[in-house]
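What follows is a single chain, given as structure tokens, in the form predicted on its own.
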């Protein structure tokens, strides 16, 4: 243990206890079969074989990945526009807007999901607005209990995870850089295209990573606003640990999500590095 400070040892112990050991236990469980509703402690690859051979699992997985990608792309555009708008405000207003954007992160996740149910319901805020402006003759029921509702809910709930990293990246752009671009004769559009966007893109990539990883593994939003049509991979994992009580298969499904998350994080880390092409 020579060369390691006591604080570092404590941090590594905490990481091992609360992160590495639980992940290792999930990985170990994924290789165990279930016979007559009882876990048999004999390693096997049957869970992974079932995972890749079952067309229902594959379809649900691919649909969930597409859903997470769609949410990430939508939030990338909306989040960048929001962050850019905040960045262009005076410093006093900028701080207020960032705090207002971060406040939802302090709220209970379940409360936010139920709030979205109230917005998307037949008697909700969105339908009331559509009826008030004459855009619909009757309440639209297609806004709830389907994948569309899951897309909208995840986009709204996960938007702060996209905006805040972009705000941080934009804040790091010094006024001297913008002044230098102006001195060289660059227009506002050229300055944005060749200076602001490249310098803030790493923050946008990090935000997209957060959004994709969180959306791909979420089960609560699909459970509460998705209904039967909004069945996702996260709900499939949840059902194995809950209703089916098949922990090994649930662990195998979780391992697949973990591999996807690690792959996305690795790609995002490489893309967000200014030297990623070297």
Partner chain sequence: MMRNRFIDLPLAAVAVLVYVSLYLPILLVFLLSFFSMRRGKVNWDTFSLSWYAKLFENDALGGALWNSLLVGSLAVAAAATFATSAAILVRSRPDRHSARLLEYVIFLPFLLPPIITGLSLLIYFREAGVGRGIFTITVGHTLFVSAIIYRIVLTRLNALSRNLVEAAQDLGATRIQTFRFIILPNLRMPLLTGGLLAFALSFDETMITLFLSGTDATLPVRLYAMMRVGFTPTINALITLLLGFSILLTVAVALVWRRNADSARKSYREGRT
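By rigid core we mean the largest C-alpha set that fits within 1.5 Å across both forms. Computed from a predicted structure; not experimentally measured. Positions refer to the first chain, counted from 1.
There is also a form predicted in complex with its partner chain; it is not shown, and the following applies to it.
K.L.:
Whether residue 169 contacts its partner chain in the predicted complex should be assessed with a 4.5 Å heavy atom distance threshold; does it?
P.N.:
So residue 169 does not count as contacting its partner chain.
K.L.:
Give a yes/no on whether residue 210 approaches its partner chain to within 4.5 Å in the predicted complex, heavy atoms considered.
P.N.:
Yes.
K.L.:
Give a yes/no on whether residue 52 approaches its partner chain to within 4.5 Å in the predicted complex, heavy atoms considered.
P.N.:
Result no; residue 52 lies far from its partner chain in the predicted complex.
K.L.:
Does its partner chain come within 4.5 Å of any heavy atom of residue 48 in the predicted complex?
P.N.:
Contact check for residue 48: no, nothing within 4.5 Å of its partner chain in the predicted complex.
K.L.:
Can you pick out, from 73, 81, 201, 195, the residue that has a heavy atom within 4.5 Å of its partner chain in the predicted complex?
P.N.:
It is 81.
K.L.:
Where, within 14 to 49, is there a heavy atom within 4.5 Å of its partner chain in the predicted complex? Residue list please.
P.N.:
Sequence-ordered list: 14, 15, 17, 18, 19, 20, 21, 22, 23, 25, 26, 29, 39, 41.
K.L.:
On a rigid core superposition, would residue 19 pass a 2 Å threshold for CA movement between this form and the one not shown?
P.N.:
Yes.
K.L.:
Using a superposition on the rigid core, decide whether the Cα position of residue 259 changes by 2 angstroms or more between this form and the one not shown.
P.N.:
No, residue 259 moves less than 2 Å.
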